[in-house]
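First comes one chain, alone, set out as structure tokens in the form predicted alone.
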């Protein structure tokens, strides 16, 4: 079983590629909560790095998983560049549940958060070709159930930036807001939000307090009504993995 958390489809696409080779089922991490997965002999977690750590949603959901300590458990991080504390955090959570991670690694993909800093994630499409051999090696390792803890170390800066008092100030740059003048209430943002954090009220999108900065709503909105830092979202800078469509993100 491969469990994924994905905002713009990078982690979903990687999870699917791994599953196609190792013969595992792929489901969203949230849907695994409450399931008895203790009979699964292989458990994979595929998710991105946000703000130098695992997404808040991942850190909240992983403790609720019901998996066997005997399972071959692996973690694959999708990231723009560095994993920072993403592996370390989830390994620590699983260790508290008596589960040891046997293998972890990373694969670089276009950085969907680049939009928040005035850059175009689509300009990073070169990563798919450059890191294809690396992904092939990761998949081969997992298929053979090899052991290896890559990028699993502790990062002090990642820990510091995710202290609640600091995160509340620094992470505002990746907290979307709805431009109600552009929003037509189509509901796509609510459907793709992995946190179920968006509702449509009186024909407009309303964001709750469970945002994990995945930016799915920003990148998938067909009317560019979800914005960051009050700046217009340009259609040419919206990104999603080329193998993933809106229907794939609706779980």
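Keep in mind the model is a prediction, meaning the values are calculated, not measured. Residue numbers count along the first chain shown, from 1.
Below: the form predicted in complex with a small molecule, not depicted.
- Taking non-hydrogen atoms only, residue 213 approaches the small molecule to within 4.5 angstroms in the model of the complex.
- When the small molecule is considered in the model of the complex, residue 76 lies well away from it, no heavy atom lying within 4.5 Å.
- The small molecule in the model of the complex comes within 4.5 Å of a heavy atom belonging to residue 174.
- Taking non-hydrogen atoms only, residue 179 never approaches the small molecule to within 4.5 angstroms in the model of the complex.
- Partner contact region in the model of the complex: 80-88, out of 144-152, 95-103, 67-75, 80-88, criterion any non-hydrogen atom within 4.5 Å of the small molecule.
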